[in-house]
Each structure stands twice: as structure tokens, then as C-alpha cells.
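Single chain ahead, written as C-alpha cells, the form predicted on its own.
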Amino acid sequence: MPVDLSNGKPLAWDSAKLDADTKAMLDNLQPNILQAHVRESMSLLLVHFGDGPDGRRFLRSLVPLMKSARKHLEEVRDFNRTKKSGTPYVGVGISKIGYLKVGHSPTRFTDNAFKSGMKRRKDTLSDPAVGAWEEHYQEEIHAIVLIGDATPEPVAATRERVLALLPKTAKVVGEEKGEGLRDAQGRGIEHFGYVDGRSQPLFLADQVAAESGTNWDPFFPLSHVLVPDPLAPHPARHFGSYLVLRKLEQNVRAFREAEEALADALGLKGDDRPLAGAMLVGRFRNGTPLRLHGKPSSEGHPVQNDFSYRDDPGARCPVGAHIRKANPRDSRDGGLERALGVMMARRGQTYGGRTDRPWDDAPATTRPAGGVGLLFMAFNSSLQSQFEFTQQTWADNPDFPAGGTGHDPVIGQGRRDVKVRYPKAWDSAKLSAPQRQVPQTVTMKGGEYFFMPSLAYLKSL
């Protein structure tokens, strides 16, 4: 029987009762989709094919370097039991023009954003003109090869193996390198200094059991991230996912200056000054959610994620804070994210080196104004109703969830004419005078949409 992607229960992938079709799905699904693969070190190769048949042969030749989702999950289980390291991650995505180049029509794909390509969606997303993108993103990108592991050495070795397979008619038009950024406690952070990567949709039974709480249920069905691979031998058993890639440069200096200016405007003093940044992000730098606490939890406390916004009109966490705009959970102001099916499986990585400590209180003038940022990557079952909806309807919309909310302070794009108000103190109904929105400190430098096909499709080329 066909795999039921809408099953209301998390997938027990290692169950002895798993049916043959679900086993086939896991054996032909790429890793890093259902569960994040370790990718502290990453290389992203953006590839252009000069010859279609050569492109097909190259894609097929990558299969021996890849592993299935099932193999990845087995490696994770073994590591948790014995600390035995797994093998490097190799993932392959193909763009709409890439499918055309290798001689396969993309008409059977149902996502119009994918079939348009990111360059043609720039107005929808309020992106910069394509001519302002980094040069390699302005070219035709037919495929992406993602390589990741815990340390740089296996990534470099695998990268050389991939490049050795590249035909003379193909070229790497660009390469991105990602390196994990961590604070003093070893938690993953982004370049503004805040703990990142929380609030992920979870699909597997063991993940859900470890994360579930009373206020936030992280479980989402497989239909949230997987779609049948329309060009695979058996689409009812062979699945893939749509990948969005965006290079987002962060002006850390300007963001820290905005934090300081807001703290001054709200009259915050001493230990209360970090509240300004938390009002922009929705969490303190160490990950403490503003919905639950008005001050950072003590170091060593686990990052809390079991909360909703149901009973907070904005007195604790402003409705315009980044994590609330991008993930309103089940708040009355957000329109029930679970029903909308919007949340993405985010798999990004930071890029750019730092000589300072991103999490400390050093002056803004010591921070980088560019050259660092996020390689945003996320898997979707629908680019339009997940990624594009989040960016256009929530992040870039100054009237979501209500008039005067303003743009998402972190990822919002567009003119920031609307003035916003903040609680004068944590858990206070009294609001500040209208404030100018913080300036846009994240700049999109280029990107593309890809489909991560099944291994069965790649083998059939």
C-alpha cells in the first residue's frame, strides 16, 4: 500500500512492524530531511552542466557517495549508544532549469515557486534585484551538492571525491563554506549572538518523545516535509523534498547598535538592558524565551521550548519579535500555524570567521558589518505555502498579526515606515511611545530553489 504521509502518529522508523513501502521510502530518501545530519563543517557546491547527458551521468555517479535516510538514522542510533562516528553527508538537489538541462520535464512538479525559480520570485519575496546578488547566484545553477560532517577533514576529502567525478563539460559556478558557531557553553548560535535552531518540526517517534511538552507539540506529519518524487520509478514509494537556499549576510554591528538604541529608548539600565535585544528576537542570547522569563535563565539551564503565546497579547514577548513573527505557534494573533502547515525543517549553517566572541557585550564598533551570516536552508513540501508564506505574509508584512506590528526585526525585508511600540517592562501592559523600527541588518545575497530527489531517481539516470 502507498506510504501514508498524513498519518497522525510520529514515524517509528525502526519498528519491526514497519511496512514494506515505508521501508522502501526510507531506503530511497536522502538524509538530513527527516532528521538533521551533523554539519558543523559544510561545503555547498553550485554546479552548472554544459551537457545534459554528462550532467545525468555525474548525478548518477554521486549515488555511491550518498546514504539513505534509514542508514543515517541507524548511524545516529549507533552514535547515541556507542559514540561511533557516522559517514559524511552528501546531498543532491536539482533546480527546475537543472531538470530541463538533463532532459527531464519539470511539469509533473506541483510547486509553482520551484517551477519559477528564485530569480523570478524576487518581487514576491521583496528580494534585492538579481543584479545585486553575488555573481555565482546570477548564473544558471543546475544542481547543488551538499557535503557535511562534524569536522573539516572528512568534508574536504569527500569534496575532492565529488570534484573528481565532475565532467569537463560541467563547472562549479560557486561554493559556500559553512562552519558551526557556538557560544561558551557549546550551544549553536547565529552571528547576532543568539542561540539558534530551536522550534523545529519533528517527524520521528524518538525525537517527539524527547521534545514533547504540555504547551507545544513539535510533531508534524511526513506530509509536512515530503512529497512523491514525480520522476522516480515508483512515486508512491519514492519521495523527496523541496529545498530553499538563501545566503543571508548579517550586519552584526548595526544590529548591536539597534539593540543599544532600543535599550536607551526604553530606559533600560544595567542588567535589564539585554531585554531590548530579547524584545527584537523573542529570546535572550542564551536561548531563554521571553514568553517565560524576563531575564536570562542561569547558564547550564536547558534551552526551554515548551510554551505557546495563547495568553500573551504581547506584554511578555512582543508580537513583532522574530521568533513570534516567524513561528506564531498557536497564538490567537498568529492564525494557528499547525493548521496552516507552515513551519519548515530548517537545516542552515553559519558562514564567515570571527575573531571576537559573538555572545558577549563588547562594543558594537568591534563587531563585523559584513562578511558573516547564515546559509539558510530548509526543507518544505510546498515552497509557496511554507517558505514563501512565512517570508511574504508574516516576516515582510508590517501588519501581521495586527496593524503597527512592523517587519520581522531579523529577516523582514522592505521599507520600514511603520513605527512600533514595545512593553515598557517585561509582563507590562504599558507600552512605549512609538519607535522607529530597527534598520534592516540582514541582506539576501542570492539563492535558489531545488528539489532533493529520491535515490531511486538518481540511480535511474
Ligand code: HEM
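For clarity, every value in this text was computed on a predicted model and none was experimentally measured. Each residue number is its position in the shown sequence, starting from 1.
Quick note: we don't show the form predicted together with the named molecule, though the next part is all about it.
At least one heavy atom of Val281 is located within 4.5 Å of the named molecule in the model of the complex. Put simply, Tyr89 is far from the named molecule in the model of the complex: not one heavy atom of it is within 4.5 Å. Within 4.5 Å of any heavy atom of the named molecule in the model of the complex lies no heavy atom of Cys317. Proximity of Phe376 to the named molecule in the model of the complex: non-hydrogen atoms within 4.5 Å are present. Not one of Asp27, Ala69 and Tyr242 comes within 4.5 Å of the named molecule in the model of the complex, counting any heavy atom. When you look in the model of the complex, the only residue of Leu231, Ala254, Met344, Val102 with a non-hydrogen atom within 4.5 Å of the named molecule is Met344. Between the named molecule and the residues Arg187, His224, Arg329, Arg237, the one pair within 4.5 Å by heavy atoms in the model of the complex involves Arg329. None of 74 to 82, 105 to 113, 174 to 182, 320 to 328 except one has non-hydrogen atoms within 4.5 angstroms of the named molecule in the model of the complex; the exception is 320 to 328. Counting a residue when any of its non-hydrogen atoms is within 4.5 Å of the named molecule in the model of the complex, the hits in 387 to 425 run Phe387, Thr390, Gln391, Val410, Ile411.
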